[in-house]
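Listed next as structure tokens is one chain, alone, in the form predicted on its own.
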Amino acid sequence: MTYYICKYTPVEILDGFGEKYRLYNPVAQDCARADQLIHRNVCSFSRALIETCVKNNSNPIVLTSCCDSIQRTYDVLQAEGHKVFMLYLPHNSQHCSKLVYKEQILKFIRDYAAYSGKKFSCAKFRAAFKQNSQSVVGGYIGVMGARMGEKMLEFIKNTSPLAIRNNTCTGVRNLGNPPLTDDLEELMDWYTDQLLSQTACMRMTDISSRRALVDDPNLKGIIYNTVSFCDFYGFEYAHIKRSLDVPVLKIETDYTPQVAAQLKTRLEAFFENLKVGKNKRQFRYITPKHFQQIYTAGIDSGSTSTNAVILDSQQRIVSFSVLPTGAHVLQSAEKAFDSALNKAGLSQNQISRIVTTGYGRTNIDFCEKDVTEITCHAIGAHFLNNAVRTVIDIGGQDSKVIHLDEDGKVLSFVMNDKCAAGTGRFLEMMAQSLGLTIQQMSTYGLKWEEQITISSMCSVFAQSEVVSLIAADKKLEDIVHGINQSVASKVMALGGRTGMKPEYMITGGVAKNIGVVRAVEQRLGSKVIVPEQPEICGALGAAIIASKD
């Protein structure tokens, strides 16, 4: 098996040798080996490629010099003894560039013949061309940007309420039918022209052909994939976000499975708010007709706490509970639900529908439906105060900024990446370092005197910075104030990507930290609404959805 990574790779040449080949979309469990061989700031795809090639001995592999990172990848793999073919790819489709690339392809034929001991067949080469079959009828979602792993693309296809068209850099590959000739020079003239005349990737000089990817009335939304430590696709995303009037979701891939849960939540929330969703589960209607009152429940299974809310048929909160999540999501959900039932004096049979949300939502098997926490927090916040236009949800594991319209519909949202900076976990780590309880942390910062700045963007480095401040005998109150300012700074950086408009509401457990709320208000220059029970907002939204379904 021969591997390749780029749509400009002349893979049909491998057909001419009778070889099998596969587009390589590596996913690395970690990049420990790659980190020993190349700098960590090299793009995530290159690191994952090195890691998996070295680990799996993926030989041979064909690379194109599409960017400096791939060039460095080639150097590393060569040094590690891998068989790597490199084609130096022109970044435009002008006449001279085609001549240059044609010579590269002819050299590849000679090199591969020497490597494999096989003879190139023009007939096999011509027989290899198959037309791209991405025909989609009606509205569809375009997946654009950088390459995407097969599992993520499959998840998107299975989750999306609309058809998916793969328009990523490796997804759009269209070549014509070759001329009926065995003249190698003539064939390669045609082939080079076809390869370089494809819809351009963002590494090409002239990207005007990419307009066709978005200039389509059937395009109903875009999922835009970017790569950690790669600058190429961020520019196009920003342009699309500014100029197109379709929903756009930006995700970032680092080619490891560590952020799969966060990406899943973002994608599901995006689809939920397209308003063309379809319920894939069969609802289990168990409403007993003889009960006068209909109750519904929402359960929010978060990383820190599991919260349950029970509503009556007038959408009044009958009871709620907040319990630690612990190590077992399902058991925690059962306990939180039982606690809320006991407070209300109800039994489970009296609950007509249950909707779950939060990280563990899909692992709770006694619900009728699961909905992302983004949608649930939006619905819960709008229910509590319909003037709210920006919801700041600071949870234990992640932070979100959600923009609402006057009807409570999610207009857009952003989430933090896998770094815990600016989350409840970050505050717990800082409290531990300072020897304070979370409750003490919430008020200590209000008594500050000296302005201290925690400058590190990483939680671990920020913790080291706090330890240094302790060693410098700084007052605890001033350090806590600096920590609160750091959390507020992260929120502003997150929300500032898409703009934040009043009225503001903070939800999630961190909203009980008065110091953080004051710091956010100072940065916003505006008051922030804090619900009486901010940690149950997601469960409340889930219960409201249950009451309407």
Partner chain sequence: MNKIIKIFGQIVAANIHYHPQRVLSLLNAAYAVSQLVVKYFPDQKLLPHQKYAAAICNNVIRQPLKDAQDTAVVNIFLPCELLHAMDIAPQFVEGLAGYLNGAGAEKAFIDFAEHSGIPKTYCSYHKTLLGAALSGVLPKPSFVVNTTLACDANNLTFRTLADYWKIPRFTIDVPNEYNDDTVEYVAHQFRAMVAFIEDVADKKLDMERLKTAIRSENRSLSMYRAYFKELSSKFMPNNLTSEMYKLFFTHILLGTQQAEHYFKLLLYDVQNAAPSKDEIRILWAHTLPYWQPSIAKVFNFSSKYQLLSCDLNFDYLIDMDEDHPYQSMAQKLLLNTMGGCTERRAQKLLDMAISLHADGAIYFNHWGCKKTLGGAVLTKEMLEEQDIPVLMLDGDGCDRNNVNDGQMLTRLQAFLEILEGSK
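All of these numbers come straight from a predicted model, not from anything done at the bench. Positions refer to the first chain, counted from 1. Each form is matched to the other, and the largest set of C-alpha atoms that superpose within 1.5 Å is called the rigid core.
Only in words, not in the display: the form predicted together with the partner chain, which the text now covers.
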Using heavy atoms only and a 4.5 Å cut-off, determine which of M500, C67, V54, A28 is in contact with the partner chain in the model of the complex. C67
Can you work out which of H91, K335, K264, K475 has a heavy atom no more than 4.5 Å from the partner chain in the model of the complex? H91
Picking from 337-345, 380-388, 154-162, 196-204, which part of the chain touches the partner chain in the model of the complex when contact means heavy atoms within 4.5 Å? 196-204
Y115 within 4.5 Å of the partner chain in the model of the complex, heavy atoms: no
If you check in the model of the complex, is F232 within 4.5 Å of the partner chain, heavy atoms only? yes
With the partner left out of view, is A123 within 4.5 angstroms of the partner chain in the model of the complex by any non-hydrogen atom? no
Quick check on R242: any heavy atom within 4.5 Å of the partner chain in the model of the complex? yes
Checked 16-38 against the partner chain in the model of the complex; residues with a heavy atom within 4.5 Å, sequence order, are Q36, L37, I38
Taking the rigid core as reference, does Q522 move its C-alpha 2 Å or further between this form and the one not shown? no
Would you say K490 moves between this form and the one not shown, meaning its CA shifts by 2 Å or more once the core is fitted? no
Can a Cα shift of no less than 2 Å be assigned to K512 between this form and the one not shown, given superposition on the rigid core? no
